[in-house]
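In the block that follows, a single chain appears as structure tokens, in the form predicted on its own.
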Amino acid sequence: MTGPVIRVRLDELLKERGMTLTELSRRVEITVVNLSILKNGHAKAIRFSTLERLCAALGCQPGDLLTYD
């Protein structure tokens, strides 16, 4: 049995903003590959500096990007 999980809502936020992963990659200076790992839920950790850049580029709060299910 698996317990609660942290889910990354990157796909939803990109769609809401009409932004591509490539565009976000350029804005936050993170490779598309690393963003894909995060988007697909395969990341084991995220740095606060990365989270800050993502939130700034997406105009959101950390709680908009990450949910606890």
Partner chain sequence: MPTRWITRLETLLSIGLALGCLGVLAGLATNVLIAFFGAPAGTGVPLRVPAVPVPGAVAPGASAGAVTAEVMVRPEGAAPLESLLYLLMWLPATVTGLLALFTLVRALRRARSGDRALFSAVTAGHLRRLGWILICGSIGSAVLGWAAEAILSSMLLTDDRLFFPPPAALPGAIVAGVAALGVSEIVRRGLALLEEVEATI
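Residue numbers count along the first chain shown, from 1. Computed from a prediction, not measured in an experiment: that's the story for all the values here.
Beyond what is shown, the protein has a form predicted together with its partner chain; the following relates to that form.
- No residue in the set T20, L24 and L58 has a non-hydrogen atom no more than 4.5 Å from its partner chain in the model of the complex.
- Taking the partner from elsewhere, R47 is found to have a heavy atom lying within 4.5 Å of its partner chain in the model of the complex.
- Taking the partner from elsewhere, N40 is found to have every heavy atom lying beyond 4.5 Å of its partner chain in the model of the complex.
- In the model of the complex, no heavy atom of V32 sits within 4.5 Å of its partner chain.
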